[in-house]
Structures are given as C-alpha cells and as structure tokens.
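Let's start with one chain on its own, the form predicted on its own, as structure tokens.
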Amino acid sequence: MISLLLIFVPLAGAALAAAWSDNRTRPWFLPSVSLVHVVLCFRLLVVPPEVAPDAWLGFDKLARAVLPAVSLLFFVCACYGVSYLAVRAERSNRVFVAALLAVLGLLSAGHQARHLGLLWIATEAVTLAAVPLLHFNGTPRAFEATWKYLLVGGTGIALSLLGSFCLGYASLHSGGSGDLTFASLMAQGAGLSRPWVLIAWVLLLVGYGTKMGLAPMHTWKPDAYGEAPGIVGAILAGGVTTVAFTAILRVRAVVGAAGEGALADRTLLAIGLFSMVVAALFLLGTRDFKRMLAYSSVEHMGILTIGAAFGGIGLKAALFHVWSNSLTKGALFMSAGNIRRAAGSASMDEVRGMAMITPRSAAIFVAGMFAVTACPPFGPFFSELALVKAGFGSGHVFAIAMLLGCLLFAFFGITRVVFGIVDGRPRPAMRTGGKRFVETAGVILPPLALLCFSLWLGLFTPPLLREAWEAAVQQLHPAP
C-alpha cells in the first residue's frame, strides 16, 4: 500500500496544484508533497515490503536500490524550486508545479513497474509530462529544444514499444502464455525464442537508450539541458534518465535468462564506451556551461552502461554511481542556473569573473566540478573506482583503459569551461534585466546540501545502501 502512495501522492499533489489559484503560494506544494514522498521512500528502504512475483507494480529490490536517490534529489530540488519560482514571479507557475509533481509520481511508477507494458507506459508518460518544463522560459530556443526533445524522444517511444511487442512475441512463439511481467519472462528463460529476444533487445536498448541520452541517441540533451531551468535539468539528469537505465537493466535480466547475456553485455559495453568517447570530444569543444553539463550527463550514462556490462560487481558499482552522480549533478545544475541568471548568458564568450558576482554559486560550481570529475573524496570517485576494479576483475582491461582516457579528456574539457567563467574580471554587460541577482539562502542551501550528500556518500557509504545494491544485483543476476 505504501509503495502505491509513492505514485498517487505526487499525482494528487499535481492535481491540487493545478487547481490552486494563488501563484505565490502554489510552489510550496513542491517541498510539501516531495517531503511526504521522501519519508515514505526511505521508510521502504529501511523496511522493504514483500512483493508478489506476479505483481505489476511493487517496491522490489531494484526500485529499493534506486528510487530513494531520485526521491532525495527531487526533494532538494523542490526546496530550491520555491525560491526559483519566487524570482520568476512574472510567469504563471501553475503548469510548471503540476508537471513537476506529475513527473515525480510517474517516475515512481516507472521504477516500480514489473510489467513490460506498464514500464513503457510510465516511461513515456514521464517524457510527455516533462515537456511543459522544458519551455518554461518561453524563448524561441527553448521551444526549439522542446520540439527536438519530442521528436527524438518520439523515436525512442516507437522503438521501445516495438521492442516490447517483440519480447512478448518471443514468449508466445515458444508456447508461453504471453505474460509480460518480468518475473514470468525470466522464469521462461531458455524457453524464449532467441531470435525474437535479440531483436527485442536491440530495439529496447535503442529506445530506452534514447531516454538515457546514450550516444548517438543523445542529440536532444544539449538543447534540452541548455535551455531548461536548472531545476529541470537536475531532475532530467538524475531522475528521468535513471528510470530509463533501470528499464534497460530489467530487460537485460530477461535477455540473460534467455541465454544471451554475454551478447547483451557486449552491446552495453560498446555503446557505453562510444557514449564516453563522444561526450569527451564534445566537452573539449563546447563553450556553453549548461551544454557542458549535458555532455557530462552523456558521459555518466556511458559509465552506468559500462558498469552494467561488467556483471554483478560492475552492476553494484553502477547502482552506487546512480546515487553519487544524481546528487552531484543536482548541485551542478542548480548552481549553474544561479550563474546563468546572474550573467544573462551561458557562453564562455560572454561570461567570466563569476567568482566576484556570485561567489557562493561559483564556489559550489567549482566544488561540483571536482566532484563530477571523480576527484576524492566525493561520491563519484568511489563509485567510479569500484567500477574500474570490477572491470579489471572481469578482464576488461582495454575497456578500462578507454574509460580512464575518456575521463581524463572530460576532466580537461570541464575544467576549461568552469574556470573560464569563474576566473577573470566580470564584463560590464553581464546583467539580468538591470536587476542584480541575489544569492539568497533558498538558492544556495539546496545545491550545497546535495554536494554535502555526495561527500557523505563517498566517505561514509551506509551499509544499508550497500545491502540494497547487493540485493538488486541478486535480483537481476540470480545465482544458478
């Protein structure tokens, strides 16, 4: 029952926010509803419920390993959202607040979906609910980014739906009942039609990989992240992409049960490495610090995919990285949003000296830069170190060498952009409508809190989380 509240409470909050008449008090729905969500989510993390094998929805081991990270990220972003929307008081926030809460409820449904069809519905509903968030700024470039998001995302929608049909037919073709729950599909295992399973795997990997932003299906990310508000970018990078990753993990478990796990892992490794190479090259050339975060997200989606390809130990490292990357990216997106509003631009060509104009946001941005590039003692360092150890342990020496090379080039690219906008003397033209941006506690404390969470996760990873990640690995890679 509590697991269903994770879905229905945010959706009910979205409906109430849409009906609420006061534009000034409506943003408070965000922290209020998300506080309930995060309390329920962590209660289920501590006391996991029993989930029936044939249940279509349930807070199973994989949801337990990932959904609390999404809930925590959303809660901190929601607290930031109150101050952000107060600054943007000239625009109605009715659709924005309702859409954000709807995204939270649908993300909860996607992470808990244990049925192939329901997973597709929830994931695509998240895509549609995020559309009003992307063009909140109302600029021509924001509308262009929204259309690109819809067009590229629509391709992913079509491919993942076709892949779902193929996986269902793989069951029917071999005399199965056509039950599309993941437990049933895994139980059929070797009885599934292997040609249809492989066709389904390719289509679903490309379809959900589009949602993750894996290269070469990443083309929507730079525009969407570059034009969306910082709070939206944080939720896209740490929440929407995560539900697509868990979808791929669930499908990979079925493919493994059908006897094609080795082939699936090779494709995951190839697309993960390709994503990292593409991201590293673009990071070396971009001059827009919000687009820089988009390419960094492509890189980290590649890291997650590579971890999933390394087997059980690598998957545990990938789940660790889901937490560390989500929290760190949230801090970066929100501090970048502060800098963007203060400077009036996101380009290195027009922005510099932000350490003087927004000293607190600039300090968080620099610290977040070191965190996201896996500098100790932040969480991403330890999660990526665990992934490197898993790669060496599984004999993927060449892949690890490529991964480390891409991380090095990404570090060069990110530091080039970050220090380029933080150092130096500010340009006189850097103004936002003639009104100076004020770094209030409401826009500083949330990204700082996420950065502290990332630091805490690296130094003092709770045994409870490690146990949850190990349980999820056992669910997806059951011992013979």
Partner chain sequence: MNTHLNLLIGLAMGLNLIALGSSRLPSLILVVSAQGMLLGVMPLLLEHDWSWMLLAVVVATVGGKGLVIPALLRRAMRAANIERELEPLIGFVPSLLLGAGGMIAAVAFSQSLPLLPEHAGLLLVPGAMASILTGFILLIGRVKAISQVCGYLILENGIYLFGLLLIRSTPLMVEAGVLLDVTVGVFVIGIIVDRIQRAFDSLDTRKLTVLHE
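Fair warning: this is a prediction, and the values are worked out from it, not measured in the lab. Numbering follows the first chain given and starts at 1.
FYI, the form predicted in complex with the partner chain isn't displayed, but the following is about it.
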- Three-residue site L263, I313 and H321 fully in contact with the partner chain in the model of the complex at 4.5 Å by heavy atom: no
- Task: May I ask you to state whether Y84 is within 4.5 Å of the partner chain in the model of the complex, using heavy atom distances?
- Result: no
- Task: Find out whether any non-hydrogen atom of H396 is located within 4.5 angstroms of the partner chain in the model of the complex, and reply yes or no.
- Result: no
- Item | Touches the partner chain in the model of the complex: F370 (any heavy atom, 4.5 Å) | no
- Message: If we define contact as a non-hydrogen atom of the residue within 4.5 angstroms of the partner, is W201 a contact of the partner chain in the model of the complex?
- Response: no
- Picking from 402-410, 283-291, 299-307, 181-189, which part of the chain touches the partner chain in the model of the complex when contact means heavy atoms within 4.5 Å? 283-291
- Message: So the partner chain isn't shown here. In the model of the complex, which residue out of K389, R94, R341, K148 has a non-hydrogen atom within 4.5 Å of it?
- Response: K148
- Message: Which residue, R360, R352, R88, H173, is the contact with the partner chain in the model of the complex, using a 4.5 Å heavy atom cutoff?
- Response: H173
- Query: Which of the residues spanning 123-159 lie within 4.5 Å of the partner chain in the model of the complex, based on heavy atoms?
  - Reply: E124, A125, L128, V131, H135, P140, R141, F143, E144, A145, T146, W147, K148, L150, L151, G154, T155, I157, A158, L159
